[in-house]
Ligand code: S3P
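We begin with a single chain expressed as structure tokens, specifically the form predicted on its own.
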Amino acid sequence: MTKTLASRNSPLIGSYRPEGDKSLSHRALLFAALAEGESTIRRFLIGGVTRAMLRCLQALGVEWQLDEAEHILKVKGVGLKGFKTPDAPLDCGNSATTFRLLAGAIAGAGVTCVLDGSEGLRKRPMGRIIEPLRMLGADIESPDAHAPLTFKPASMGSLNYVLPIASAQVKSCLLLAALSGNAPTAILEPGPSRDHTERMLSAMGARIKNFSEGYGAVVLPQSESLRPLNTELAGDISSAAFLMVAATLLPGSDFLLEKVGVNFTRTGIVDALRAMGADITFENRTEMAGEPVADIRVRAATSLHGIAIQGDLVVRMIDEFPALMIAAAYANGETVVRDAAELRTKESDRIAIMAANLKLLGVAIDELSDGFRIYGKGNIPGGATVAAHGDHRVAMSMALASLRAEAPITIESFEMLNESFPDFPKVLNL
């Protein structure tokens, strides 16, 4: 689907409650499958990425019921060792989260299985989970450290492992496998990554402790069944980030994003936008299922200026950089991002793809090995055709670019945004 978007002259006014967080939805679904008993998950995100997990779990013998109108999911858990051998390779689609989290659960379950996915997913690095899973005891065949991976039954031992790069997906994969281990496993990270897995599994009865110093977690083998979930998921801050940028850019905007997850490991985008001059405040702070939640009010910025981003802040906003890049293009001055090489291993090489697209739109940008430098001039000329390259966040960022562009922007594969935020065009009236 190709979509041509012209600049929007009206402010973003009103409110919107984002659907359940993508990371939380993935975890709640999988962890409910590993529990014993029926779980109920409300405000479950229905998108391409979560449908991949639903299909895979069904093939592994997990029964579930999804009320698509109410976004309520019921899952009958089979326990840590209850997966059945699937009849065919599991297709994770384009979802690396599905692939990596399932890899840990399958290794722990000791089931014969082939994990595979789209051509795009086959390009993404999986050596980062294969090596430590093998050290933990997993029997995995992979010709080139990419999908597909073939798992054979094996017993999990224990592990003390230092991640070379902070990664919630890799950490979660190893923690899930280690639940079936024979001794405690410790995963140490060089910086903070999202801790949704630790919070949710702990609430279900897993024995997980965070390090008192440093980053990471220790998990003890699970001697009792995981308790089923009865929970409502916080709104997705990664999706909300695109609306934050929209409201920041559109003059006269005053927009409220309701009940959004504001876990510190995920709020780097808010810190970065505020540093650029955005008017963003948190209201009505509370907790939902152990996760901090708030309403986020965003008013149009008087002006934006460039900033430098590196270090731990990069990890805390790794999925939101496509939105940040649009804000940087509309800002005045240089925005420089370093320590973000991980962006090259997402659904697309987001450094290369975003740089190429922004150049087509008339934005001055230098591509760096581990980031980028944008020379913001307060405007985007537009007047070109850009491509999503199979990446939902690239598609949404190009839509943001059109909001104040001087000429219309045509976006190829615009439908990719349905992977994580199907409501996006409706909220912005695109």
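Here the structure is a predicted model, which means the values were calculated and not measured. Residue numbers here begin at 1 and follow the sequence given.
The form predicted together with the named molecule exists for this protein as well; it is not shown, and the discussion that follows is about that form.
Chemist: Quick one: from D319, E291, D236, E198, grab the residue that has a heavy atom within 4.5 Å of the named molecule in the predicted bound form.
Modeler: So the residue touching the named molecule in the predicted bound form, by this definition, is D319.
Chemist: So which of L80, A272, A168, V298 gets a non-hydrogen atom within 4.5 Å of the named molecule in the predicted bound form?
Modeler: By the 4.5 Å heavy-atom cutoff, the listed residue in contact is A168.
Chemist: Do R27 and the named molecule share at least one heavy atom pair within 4.5 Å in the predicted bound form?
Modeler: Because a heavy atom of R27 falls inside 4.5 Å of the named molecule in the predicted bound form, the answer is yes.
Chemist: Counting only non-hydrogen atoms and a 4.5 angstroms cut-off, does K359 reach the named molecule in the predicted bound form?
Modeler: No, K359 is distant from the partner.
Chemist: Is K346 a contact residue for the named molecule in the predicted bound form, using a 4.5 Å heavy atom cut-off?
Modeler: Yes - in the predicted bound form, heavy atoms of K346 and the named molecule come within 4.5 Å of each other.
Chemist: With the partner left out of view, is T97 within 4.5 angstroms of the named molecule in the predicted bound form by any non-hydrogen atom?
Modeler: Close contact exists here: in the predicted bound form, T97 approaches the named molecule to within 4.5 Å, heavy atoms only.
Chemist: Out of the stretches listed (168-176, 198-206, 141-149, 223-231), which one is close to the named molecule in the predicted bound form, meaning heavy atoms within 4.5 Å?
Modeler: Partner-contacting stretch among the options: 168-176.
Chemist: Can you list, in sequence order, the residues from 14-28 that come within 4.5 Å of the named molecule in the predicted bound form, counting heavy atoms only?
Modeler: Heavy-atom contacts to the named molecule in the predicted bound form: K22, S23, R27.
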